[in-house]
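Okay, here we've got a single chain as structure tokens, the form predicted alone, with questions on binding and movement later.
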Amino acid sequence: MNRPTTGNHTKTSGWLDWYDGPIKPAFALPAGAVDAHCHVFGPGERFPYAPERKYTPCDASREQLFALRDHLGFARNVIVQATCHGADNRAMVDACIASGGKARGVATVRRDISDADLQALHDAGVRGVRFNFVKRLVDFTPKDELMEIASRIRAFGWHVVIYFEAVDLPELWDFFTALPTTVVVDHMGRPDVSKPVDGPEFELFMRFMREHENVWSKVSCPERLSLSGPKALNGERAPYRDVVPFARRVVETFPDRVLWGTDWPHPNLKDHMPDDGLLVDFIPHIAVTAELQQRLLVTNPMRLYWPEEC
């Protein structure tokens, strides 16, 4: 893979470039595995970043994403619209089209999008929209606007991806449970892994999934959640050990409603940039049987994003 570049824009101070020398994972992914959460950034010279963005990243092109896919052993990608591009989905759509059917997309849309534009996104491979509630990343969008968007995309068979932090779940519960589509939670709702896995905060998230069978979860991004960090223990390639009990509990409790993704190129990390090969080696610690790995990496993402092939 080639080094990331900055193009003609200035990166946010302290921005970490993605790691360009990932190891080859020791864990062999099952045939047809899907990286169900990743992004493309720019390149800024071709796909300018949104004027209202909260950060300016390094470029991370479709070619670099596909090279990582092949290196790690994935067959397909789900490309999630990055907040730095706002509702301009061109970079994500371009990557989906260039993939030759090996990528699907999750878009960001506004209330004024036309039905024709929604159809064009669908034809390009988009199968969901993302609602971001992390205040440091996006400005607040009125809930009535988001509900209107959710109602419109339901006709296309799309789902809603929600990104929020654990402390905000009580406030957002009523809105989330009223959404009329499948709902996919990013990164287990960002639990505080210093708290007990059976404590009240994470138990609320588990109850959210238990009581609402339309709710799925990505068990991804241990590098964002971990306090112990990327250091392997006793020479074993299994970093982020403090996240394992949380992700494993979700996988084993809801095996048919979980997804996993690299989150490449890992936007907004401040302390370290993960090795994507090590992230793949995290998987068998949270999905400990071949059956669970098959559901997490193949069966579930195919059912959600490529149902016509199931």
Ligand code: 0GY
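Note that residue numbering begins at 1 and tracks the sequence as displayed. Just so you know, these numbers come straight off a predicted model, no measurement behind them.
As for the form predicted together with this ligand, it is not shown, yet the points below apply to it.
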> Among 184-192, 69-77, 94-102, 205-213, which stretch sits within 4.5 Å of this ligand in the predicted complex, heavy atoms only?
Replying inline: 184-192
> Within 4.5 Å of this ligand in the predicted complex: all of F131, H159 and S217, by heavy atom?
Replying inline: no
>> Considering non-hydrogen atoms and a 4.5 Å limit, which listed residue (H122, R224, R154, K143) is close to this ligand in the predicted complex?
In response: R224
> From the list R111, R136, R90, K231, which entry has a heavy atom within 4.5 Å of this ligand in the predicted complex?
Replying inline: R136
>> Quick check on F27: any heavy atom within 4.5 Å of this ligand in the predicted complex?
In response: no
> Counting only non-hydrogen atoms and a 4.5 angstroms cut-off, does P267 reach this ligand in the predicted complex?
Replying inline: yes
> Would A82 count as a contact of this ligand in the predicted complex, using a 4.5 angstroms cut-off between non-hydrogen atoms?
Replying inline: yes
>> So in the predicted complex, is this ligand close enough to F254 to count as touching (4.5 Å, heavy atoms)?
In response: no
> Heavy atom within 4.5 Å of this ligand in the predicted complex: which residues of 29-43 qualify?
Replying inline: H37, H39
